[in-house]
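Before any questions on binding or motion, here is one chain by itself as structure tokens, the form predicted on its own.
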């Protein structure tokens, strides 16, 4: 079996220096020709295996070229199969996609990623101590959110998933309010009506997160269509994981976005795993997730999701296209979920423990740090100092949130808020239930 897997990896080298799962599938089909023809996607590595990503060739020429944002959609077909990159591993930048960002903007992006990571670590630890019920970290994917947020206007509406908390941090949202939402305490502006990490910040253009990932896709396209109908220049940007591209909502969204040229960006974060199902279950053995946009007549880009500058550049291109009437763009962010799906998940049950460490595109924080050091705008001392500062800020902010209550102790949300902010005009039955509840409590 081990020899077969090694052959599988050798067979999985695709065109343009990117992996081709379909070629690997054909190889496996030949090996199993005497068995059932039903194909069940299987990840190349399981617990106990030694992960080896040598079949993924990291592009060195930083292709493809940057087209005009208002080009015909078919001119981006190759961009759905290749990989947009800006930063090399030694800190240099190269290619048509290098954005002309000032050093301070790059430093802000690095600090935002570090602050997000510090918050994730603190909240994960608090969940393990029983202070909150649930949490989801974004380690390994911080560049997707920070690079994307930096390229948009703060007034553009984001329809996120539960792993884009760095967008809120980038837009200056109150971390105390974020923590209060996670703790569902007396300071929770949502009054305990949503589970932890499903944030809602209208003032920061951050649409209420849905735990069912497909729903926000069609909502975002509808919002974008409304903006265009009103002759406004705002755009919508929505996120989904690669697993939810198998849902009908994804295809409905692409169909409407294409038909009406909705000014939106549809982001597919391909972090290789949908909870415990690897991306092949969502037809990840096709050419790429970005290529699905090609079939709908949409512009498509595939970007190194661990390269914050590449994410920024791709988003800036898609935003310019949308604002100028060119329509929607599908962006696949090729990245890796470095830790578990959530605090309810144990990734050691379905993948090798050290798989994240050998991911060929590295760590997004370290890559941007290396670039800033290379251009003389950062150093190890400043990095260590800010890392300490971020942890201190997160710790002090959490103390303030904890004083407003946790799952275990302290002030809780008023029970009667369950009857509020649900209906604009509460139905009679609900009002009767509220009065019954009030009488029972005396």
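For clarity, every value in this text was computed on a predicted model and none was experimentally measured. Positions refer to the first chain, counted from 1.
As for the form predicted in complex with a small molecule, it is not shown, yet the points below apply to it.
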In the predicted complex, the residue from 363, 247, 73, 177 that sits within 4.5 Å of the small molecule by heavy atoms: 247
Answer option from 271, 93, 294, 191, heavy atom within 4.5 Å of the small molecule in the predicted complex: 271
Interface stretch in the predicted complex with the small molecule - options 160 to 168, 222 to 230, 143 to 151, 307 to 315, non-hydrogen atom within 4.5 Å: 160 to 168
4.5 angstroms heavy atom contact with the small molecule in the predicted complex for residue 129: no
Interface membership of residue 196, the small molecule in the predicted complex, 4.5 Å heavy atom rule: no
Contact flag, residue 243 vs the small molecule in the predicted complex, heavy atom cut 4.5 Å: yes
Non-hydrogen atom contact residue 275 with the small molecule in the predicted complex at 4.5 angstroms: yes
